[in-house]
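Given next, in structure tokens, is a single chain: the form predicted alone.
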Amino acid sequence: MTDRQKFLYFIALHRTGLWVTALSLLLLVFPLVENNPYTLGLTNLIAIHAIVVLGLNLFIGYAGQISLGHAAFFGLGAYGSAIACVTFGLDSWLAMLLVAGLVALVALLVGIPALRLTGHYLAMATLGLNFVFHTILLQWDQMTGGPSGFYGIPSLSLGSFAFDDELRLHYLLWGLALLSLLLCLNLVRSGVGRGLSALAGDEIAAAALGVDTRRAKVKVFVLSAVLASVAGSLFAHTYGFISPDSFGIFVSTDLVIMVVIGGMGSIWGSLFGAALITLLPEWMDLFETYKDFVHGGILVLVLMFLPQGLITGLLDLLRVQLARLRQKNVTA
């Protein structure tokens, strides 16, 4: 084997690790190149959305299920941490962990009966969960602040070091987003991940091959809910204020759009989808009123012409074109 072949083999073998390392280095130096607090605030929001979308993509893209209610778990994490810190005086990190455990229990209790459903029945069940949660946030104003929202949420801190500016939050949020990325990448390459992929392809065939489909669906549902909860807690401590509108039905829809645009079953695509939909309102500021229509239009176009997702579909088209060029060169 020549040195070039050895090098190419090394690249192919460690491709994922090299991509993660490259992304980590890019995020490490990004604030040195772009230190505008507004820009950093946008990228921090992308990191929070990415954590939610990574978990949701496991459920939609790998388990082949559908959830239109993940904003409820996102909101449970946010309001749970806010209430635990402000009302009960708990440490913010402890509150985040306790709330994540509580959300895992809620997801388990909801998932066991709900995941007996499939297709649009499951979508309606999760949508109903989001609607009930949003109504509770609006009506239970003594605890949640009602339509006025919840104020005075403290920043995360380690001792006397507080994550109270955009630069410090950049490293914290993207550090946790990268940990979530590594978790999902390792999961989908494990035996559990291969079982989930089989489940998405054909549930009956997966069961015939020994995959406990019901348990697998519940497990990935709980994991995706926990990631959404952690992201919600980070959202609350980052902005210091939350309101019911931040966790409504349209937010759940946006999260699904992020998954679809990035590519169902594409972990890396989740980052792209989260970034695109988060930044889109900033690029089309004049059309803010029609944001939901634009998001819906993008979703329809992607599903019609690139059903495997925007980034995945474009890469597939590129591979096809390169293969055709090689074929022409061979026959020429």
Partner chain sequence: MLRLEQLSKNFGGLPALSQVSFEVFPGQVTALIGPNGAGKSTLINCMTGVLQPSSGRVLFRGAAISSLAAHQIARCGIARTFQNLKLFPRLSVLDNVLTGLTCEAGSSMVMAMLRLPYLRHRERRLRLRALEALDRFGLGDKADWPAAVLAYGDKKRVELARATVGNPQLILLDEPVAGLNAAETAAVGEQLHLLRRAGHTLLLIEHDMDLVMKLADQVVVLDSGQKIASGTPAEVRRNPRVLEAYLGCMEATA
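Residue numbers count along the first chain shown, from 1. We call the rigid core the largest set of C-alpha positions that still match within 1.5 Å between the two forms. What you are looking at is a predicted structure, and each value in this text was computed from that prediction instead of being measured.
Although not depicted, the form predicted in complex with the partner chain is the subject of the following passage.
Contact with the partner chain in the predicted bound form, judged by any heavy atom within 4.5 Å, is made by just one of L167, L187, L138, A104: L187. Although the partner is absent here, K219 is a contact residue: one of its heavy atoms lies within 4.5 angstroms of the partner chain in the predicted bound form. Interface membership of L183, defined by any non-hydrogen atom within 4.5 Å of the partner chain in the predicted bound form, is confirmed. By the criterion of a heavy atom within 4.5 Å, L25 is excluded from the residues contacting the partner chain in the predicted bound form. Within this chain, L76 is remote from the site of the partner chain in the predicted bound form, having no heavy atom within 4.5 Å.
The candidate stretches are 241-249, 208-216, 78-86, 147-155, and the one lying within 4.5 Å of the partner chain in the predicted bound form by heavy atoms is 208-216. Shown here without the partner chain, the chain has only M264 in 250-267 lying with a heavy atom within 4.5 Å of that partner in the predicted bound form. After superposition on the rigid core, the Cα of T21 moves by less than 2 Å between the shown form and the other one.
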